[in-house]
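There is one chain below, alone, in structure tokens, taken in the form predicted on its own.
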């Protein structure tokens, strides 16, 4: 039996634009998904603990056509099992054991669909734990690549490498197409606000794609986000929190123009700015979920706690470990 964990992430800059080959800079945060895997004779048994869903257990075999036959909505099965199912397929492939059976238990501190990397963290941890259980230790580069393939499959080809690479490596990373690398970064003072909701990533990505294909100025907006990322890299290297904040504000405005913000996300962004945060923006696909702000003081977290529509506010340290083994 092996337990591995991997961190969630926030985007300093670049979500949505990264899908079109522009750079993005996500940062791993110390909120983790933990996956425990134990080999069994056949089939797969998945227990989902705290995934901001009611816990459930399902058992199925490879004849189940990719999904277990359980009496719950398809969206629940997709969220709780779909990523794990594909992760197990990658682990079997890596170990050259196409029939290996597993008991899988998932417990996560990262809310699903909130824009802070829940699926990537679960996938990275699941592949790592399952391959180790089969006696195979993947390099971080191969682990990140296999995790990306899982998200690419489940998200119908609309995933980037950003989330899975960040969750695997930890710290701050830069992703531009196939080019993925780690970046030096100070311990940034992240504050996160969560509205309790979740955006539909597929629909939001498709909406941006439609805008980009219909309007030239929408395509220019996507390119402008890439320009912000390039400017932000220099500020990150200098540890210039004030400049990072200004660029985050610009990035949020452009994401709002692309239609991926929401009333609750905008309210939290403005509450953070009014409290003195150098910068604040939505993080992830948008439509609901989380915002990220920079603030060394307690003012932003306090302001978010009193903002209508904000369900939770918390500080988050930069996670420099990435994926790690928690126990055997």
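Predicted, not measured: the structure shown is a model, and the values here were computed from it. Numbering follows the first chain given and starts at 1.
Below, we refer to the form predicted together with a small molecule, which is not included among the displayed structures.
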Self-check item: Partner proximity in the predicted complex: residue 18 to the small molecule, non-hydrogen atom cutoff 4.5 Å
Solution: yes
Quiz item: Heavy atom to heavy atom, is residue 153 within 4.5 Å of the small molecule in the predicted complex?
Solution: no
Quiz item: Is residue 27 close enough to touch the small molecule in the predicted complex, meaning at least one heavy atom pair within 4.5 Å?
Solution: no
Exercise. Please run the contact check for residue 108 against the small molecule in the predicted complex: heavy atoms, 4.5 angstroms, yes or no?
Key: no
Quiz item: Just one of 205, 94, 235, 100 has a heavy atom within 4.5 angstroms of the small molecule in the predicted complex, so which one?
Solution: 205
Exercise. Only one of 285, 44, 277, 303 comes within 4.5 Å of the small molecule in the predicted complex by heavy atoms, so just point that one out.
Key: 285
Quiz item: For the chain shown here without its partner, which stretch in 154 to 162, 214 to 222, 100 to 108, 136 to 144 has non-hydrogen atoms within 4.5 angstroms of the small molecule in the predicted complex?
Solution: 154 to 162
